[in-house]
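Just one chain follows, in the form predicted on its own, and it is written as structure tokens.
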Amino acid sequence: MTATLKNILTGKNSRQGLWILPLIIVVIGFVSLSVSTEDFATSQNLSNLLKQAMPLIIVAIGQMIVILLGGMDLSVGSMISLTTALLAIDAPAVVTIPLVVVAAVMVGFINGFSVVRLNVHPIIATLSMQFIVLGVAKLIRPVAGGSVPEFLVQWVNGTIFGVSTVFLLTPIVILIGWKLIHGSRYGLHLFAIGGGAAEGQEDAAHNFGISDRRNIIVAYICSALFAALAGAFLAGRIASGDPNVGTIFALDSVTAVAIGGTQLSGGIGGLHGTLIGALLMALLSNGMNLANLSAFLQGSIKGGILLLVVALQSRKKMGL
């Protein structure tokens, strides 16, 4: 009985990884903040909490797709910034939105191509792309400003039948992610490719007839598209373009995925764990903001959490 409980709490021998313990921490944190902080449990703050969590949930889903393969996408933050910059240029939505989609596909394709064809390590490939995309974003929008399409602002901040659109959009995004990762043949291929990579057998999936190179490129394209969607959400929320708004999401998305039990070596993870990890990160940020902690200290705490989570992962081969 004790061994079974330990396996559940640690995620040992589970394909979905460690997610029960983070869920317990989320519940404890929610209750603690509700008791200790008067402003936390208000409807306004809870609505803001979901709005804060939404971009991270979106980008973390895309990040998880790549991490399941044993990769990592550090360019998602810059892709978010580029999206806000493109949406804030002086052009109609019929021009800017397709432009964002094309840019995301190009960024994702180059990332995937660099990894599978040029044999560049995922961290190096996406870190290089991070600076390239950030440079383009700052060239388009050197400082925060401009205006995004009005319908986007209403889409993010409006209501439908008295219900905030955020509450309606969140399950739609989650269902799309669930279909990709757990409800499709492509999702099975992700686990197969990542499982082989985690065991040091990178060609295992290929030997069973799975097109690993194509699937990896598609994974990086999906990651960039989810980052672009998160960028569109943020652009609607702040109603302008900002070349620095996506900076924190590279670290936060990886941390959210890792907290949720997805192994950075690949092959193990569950979308529900990633959602729990994203909610925990949003809860942590909200609590630290209410406590008036400096942004520098918040970054240090998040970095420490990522280091701790990775150190606790039980796989012998980390892959990264």
Partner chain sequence: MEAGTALIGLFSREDEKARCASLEEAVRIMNIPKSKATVLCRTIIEAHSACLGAQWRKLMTTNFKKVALAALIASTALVAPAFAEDIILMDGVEPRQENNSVVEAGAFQTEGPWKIAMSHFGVNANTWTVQTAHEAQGVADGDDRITDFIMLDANFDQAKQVADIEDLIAQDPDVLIVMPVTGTSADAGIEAAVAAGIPVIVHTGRTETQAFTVEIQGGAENFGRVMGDFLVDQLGGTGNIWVLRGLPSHPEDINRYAGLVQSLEGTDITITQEEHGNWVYDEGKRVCETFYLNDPNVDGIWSSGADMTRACVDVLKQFGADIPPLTGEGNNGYFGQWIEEGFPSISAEYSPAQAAAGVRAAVALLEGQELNKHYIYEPAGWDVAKAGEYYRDDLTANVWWPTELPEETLQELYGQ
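Since we're looking at a predicted model, the values are computed, not measured. Positions refer to the first chain, counted from 1.
Omitted here: the form predicted in complex with the partner chain. The next part is about that form.
Q: Please determine, with the chain shown alone, which of 24-32, 56-64, 40-48, 255-263 has non-hydrogen atoms within 4.5 Å of the partner chain in the predicted complex.
A: Of the options given, it is 40-48.
Q: Heavy atom to heavy atom, is K138 within 4.5 Å of the partner chain in the predicted complex?
A: Result yes; K138 sits at the interface with the partner chain in the predicted complex.
Q: Does the partner chain get within 4.5 angstroms of any non-hydrogen atom of I248 in the predicted complex?
A: Residue-level check for I248: yes, a contact with the partner chain.
Q: Closest heavy atom of R213 to the partner chain in the predicted complex, within 4.5 Å or not?
A: Judged by the heavy-atom cut-off of 4.5 Å, R213 is well away from the partner chain in the predicted complex.
Q: Since only the chain is shown here, I'm wondering whether P171 would be in contact with the partner chain in the predicted complex (any heavy atom pair within 4.5 Å).
A: Contact check for P171: no, nothing within 4.5 Å of the partner chain in the predicted complex.
Q: Quick one: of A144, V120, I176, A103, which gets a non-hydrogen atom within 4.5 angstroms of the partner chain in the predicted complex?
A: That would be A144.
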